[in-house]
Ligand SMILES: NC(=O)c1ccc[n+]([C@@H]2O[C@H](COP(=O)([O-])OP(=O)(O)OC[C@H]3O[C@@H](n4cnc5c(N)ncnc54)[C@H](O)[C@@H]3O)[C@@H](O)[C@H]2O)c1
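Only one chain is included here, represented as structure tokens and corresponding to the form predicted on its own.
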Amino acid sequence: MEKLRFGLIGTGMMGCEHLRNLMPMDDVAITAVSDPNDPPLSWAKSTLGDRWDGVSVFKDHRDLLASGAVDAVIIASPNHTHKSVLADVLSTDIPVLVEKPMCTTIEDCEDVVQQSKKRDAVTWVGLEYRYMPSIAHLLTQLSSGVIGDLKMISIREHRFPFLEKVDNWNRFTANTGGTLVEKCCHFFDLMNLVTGALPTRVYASGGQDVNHLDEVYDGRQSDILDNAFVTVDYANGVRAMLDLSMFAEGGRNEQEIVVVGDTGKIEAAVPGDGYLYVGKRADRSVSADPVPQTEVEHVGFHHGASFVELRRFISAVKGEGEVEVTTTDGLWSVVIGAAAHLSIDEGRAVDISEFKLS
């Protein structure tokens, strides 16, 4: 079978992680990379090793798209470039997986949704937390009805600060969309997926209290939030909450997800201990449910989730599977983050209707 030729736009940390996921796949060839900066290109060269020979290298992604060297592309460039890069990709018939967040603003996301509808090629948004083993198993168990009628979702992420990126682009809200867009769109996507409904109201409290307080770049003070609480009301009556701290490295789990129904609850954790915990109201019992482990050839940053996501993307490109994470999913994950930032800035609850989404 002829190999699917991949191009990578943006060869920084996450871009090189995508390369490491693709490299073990027998049905894939990495044929082109693009980045305007030399250091990230050198990281891609180091990552690919002896596979670097024969890879076409471009400084401009538009030259990569016009080269005829790729059958599919991944966009892993900085958040604030996604809109312009996507505009160029969506004017072609090349399938694309764009890293989260899809764009940094609601308006730009809406435009991408509309543009993606004008072509037949696959457009997939990289919200890979859906594919983490414990979370995927939670989704399966939830759909079985084991906890009855879903009422509440709580997600806690207590983790390390933002990592260093090229030119420190991730230190500024203008470049990232804000912490609750950049980092937390993963969790808002999970909330949307689990509830099966649209958000109606968001209230948030947050700030920049510990991290990056003394960091100044080209005369600009870093303004990226490092902690927040976000509460989301859904149209079907479900309530969801996010508890984020990015100065909480010491802990058993980086993420904890709890879903509560009228007859029980499910607890999942990342990295966790290999089990979900299912509690029943009727007898107050708690059972340990082993998390099935999908065989992956590269575990990487996200416990194998990125590898699984890329396999699903490849299946969709080949016409063997559906697009599982759509541009509409990408839009709604950003909507909640943007509403949360507005809530913090203005000290009030924000109705989603205020955004007049089309």
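Since the model is a prediction, treat every value here as computed from it, not as a measurement. Residues carry their position along the shown sequence, with the first being 1.
Separately, the form predicted together with this ligand exists; it is not shown, and the next lines address it.
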{"property": "Among 247-255, 215-223, 94-102, 190-198, the region lying within 4.5 Å of this ligand in the predicted complex by heavy atom distance", "result": "94-102"}
{"property": "In the predicted complex, residue 10 touching this ligand (heavy atom, 4.5 Å)", "result": "yes"}
{"property": "Distance check, residue 234 to this ligand in the predicted complex, heavy atom within 4.5 Å", "result": "no"}
{"property": "This ligand contact in the predicted complex: residue 169, any heavy atom under 4.5 Å", "result": "yes"}
{"property": "4.5 Å heavy atom contact, residue 81 to this ligand in the predicted complex", "result": "yes"}
{"property": "Three-residue site 227, 341 and 350 fully in contact with this ligand in the predicted complex at 4.5 Å by heavy atom", "result": "no"}
{"property": "Selected contact from 321, 54, 68, 36, since only one has a non-hydrogen atom within 4.5 angstroms of this ligand in the predicted complex", "result": "36"}
{"property": "Listed residue (85, 204, 240, 138) with a non-hydrogen atom within 4.5 angstroms of this ligand in the predicted complex", "result": "85"}
{"property": "Stretch 278-316 - residues with a heavy atom within 4.5 Å of this ligand in the predicted complex", "result": "302"}
